[in-house]
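Below you will find one chain, with nothing else, as structure tokens; this is the form predicted on its own, and questions on how it binds or moves follow later.
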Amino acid sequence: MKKIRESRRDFIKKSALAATAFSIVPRFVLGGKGFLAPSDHLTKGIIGVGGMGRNHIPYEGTKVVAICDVDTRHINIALEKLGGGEGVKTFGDYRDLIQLPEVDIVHIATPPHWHGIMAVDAARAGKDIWCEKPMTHTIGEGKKVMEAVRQYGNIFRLNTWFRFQSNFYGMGTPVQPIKKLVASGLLGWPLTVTVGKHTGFDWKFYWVGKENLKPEPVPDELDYDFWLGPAPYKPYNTHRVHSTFRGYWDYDGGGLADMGQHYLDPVQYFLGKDNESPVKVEIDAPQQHPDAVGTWRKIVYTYADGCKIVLDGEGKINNVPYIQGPKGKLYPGFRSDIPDLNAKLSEFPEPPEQVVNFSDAVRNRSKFALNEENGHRSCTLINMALVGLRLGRSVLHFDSEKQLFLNDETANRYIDPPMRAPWSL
């Protein structure tokens, strides 16, 4: 395993040279040597081969040719899952992996505090990107990922899928019929969407951190300094890393960050809010610890047009519709108080088709259904609430266009917080 051995300046310089050599265009687009026929596999490099990275080793139309992790134990387990890993290159520094000319797609499956840096670096290196949720750890990082993908022409996928496939948790239906109902106007406008246990959504409050962690020896197999990366230095403790990292502000945001995009990205989609953010977030929660993420009771988002998204953290909101408008209500199981709903809906058009196969999106250079733009907006839903939680704010007002908090400089510092040297965006 390799330690950090080159400065950030050297890496950027190397990436710039690669860009001038047309590495910003995937090899199968260029034709000639290295051209991929439609029947061939796209090649994939995975950064972070803990549980999530290993779970997504197989994906239709792709072949893993490189893996990276700062824990040699993870590398060895992943190689076993790859049948011994013959021909698979291994790295401890993701910057080596993303410079491989034979890699088409970079899959980022690290803790979220790494997502922004790695996505921008992968975009600059000419790779298409598959990123786990939450998309980024801060609002500012999301904006920079969008800018990089736009500049270098990459295809980006955020890995939550409910806006385009699978039954949506306790609703008992895919999202498309809900999208069609909302677009029909039969419920009226504005709408209030209530997300909680009564509709099958569990916020996983077991992802809370532990206070006053005691320092422990760093395991030999782990490069802990690289694991921390841009996060502030904190002494190693087993609970701070790997499967329990979600409980600490420096790396994630508890159950809200873990499940938020799964639950809220489809809401953003069927409300037609892919190009805007709420103008206000209200938070009811206990005082949070500065290091360890805690729980919350209720979060309410309000859009400029009056639409609201209500998050029920305590599970105390019962017998309320999933969606309520001035003309009608929708309950789990696609039940409604609108008479002859299905017959009425049959008169309206289906939602527009989306590109939902990532391999096809890469081959055809088509924007994926959940991409860097709408993914950033649904991640902003999560991150704006996390800022309020950390600061103990009951209300935050937000400029959807500028993506800044209004009249709250302390909150705005969390949009682009400083990173630990030598890391930066």
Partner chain sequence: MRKIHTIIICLLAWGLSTQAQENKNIATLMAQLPAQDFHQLDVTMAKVATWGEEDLIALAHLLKPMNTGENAVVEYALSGLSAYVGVPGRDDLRKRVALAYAKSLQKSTDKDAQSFILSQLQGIAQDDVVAYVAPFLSDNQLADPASRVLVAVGGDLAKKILREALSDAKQHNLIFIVQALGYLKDNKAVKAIMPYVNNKNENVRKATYFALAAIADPQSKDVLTKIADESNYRFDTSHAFGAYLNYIKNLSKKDQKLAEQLASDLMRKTDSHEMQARIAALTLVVDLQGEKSLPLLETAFNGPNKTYRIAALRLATSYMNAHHVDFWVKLLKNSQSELQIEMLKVMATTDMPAALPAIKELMNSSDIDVKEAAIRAAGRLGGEALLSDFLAILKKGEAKEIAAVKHALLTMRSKKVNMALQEALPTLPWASKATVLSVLKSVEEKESAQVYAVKEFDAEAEKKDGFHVLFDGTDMDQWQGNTRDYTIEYGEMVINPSKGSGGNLYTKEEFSDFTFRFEFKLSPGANNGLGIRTPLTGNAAYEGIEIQIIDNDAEKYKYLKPYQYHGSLYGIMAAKKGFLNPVGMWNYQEVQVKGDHIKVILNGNVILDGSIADAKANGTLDSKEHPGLFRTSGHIAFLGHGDQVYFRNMRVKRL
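Positions refer to the first chain, counted from 1. Predicted, not measured: the structure shown is a model, and the values here were computed from it.
The form predicted in complex with the partner chain exists for this protein as well; it is not shown, and the discussion that follows is about that form.
> Is there a non-hydrogen atom of residue 184 within 4.5 angstroms of a non-hydrogen atom of the partner chain in the predicted bound form?
No, residue 184 sits far enough from the partner chain in the predicted bound form that none of its heavy atoms falls within 4.5 Å.
> I'd like to know if residue 188 sits close to the partner chain in the predicted bound form, meaning any non-hydrogen atom pair within 4.5 angstroms.
It does not: once the partner chain is placed as it appears in the predicted bound form, residue 188 has no heavy atom within 4.5 Å of it.
> Closest heavy atom of residue 232 to the partner chain in the predicted bound form, within 4.5 Å or not?
So residue 232 counts as contacting the partner chain.
> Is residue 215 close to the partner chain in the predicted bound form, meaning a heavy atom pair under 4.5 Å apart or at it?
Contact check for residue 215: yes, within 4.5 Å of the partner chain in the predicted bound form.
> Which pick from 161, 224, 205, 334 sits with a heavy atom within 4.5 Å of the partner chain in the predicted bound form?
Of 161, 224, 205, 334, the residue with a heavy atom within 4.5 Å of the partner chain in the predicted bound form is 334.
> Which of these residues, 238, 342, 166, 275, gets a heavy atom within 4.5 Å of the partner chain in the predicted bound form?
Selected option: 342.
> Pick from 84-92, 260-268, 301-309, 125-133: which stretch has non-hydrogen atoms within 4.5 Å of the partner chain in the predicted bound form?
In short, 125-133.
> Would you give me the residues of 395-425 that have any heavy atom within 4.5 Å of the partner chain in the predicted bound form, in order from first to last?
Result: 407, 408, 409, 410, 413, 417, 418, 419, 420, 421, 422, 423, 424, 425.
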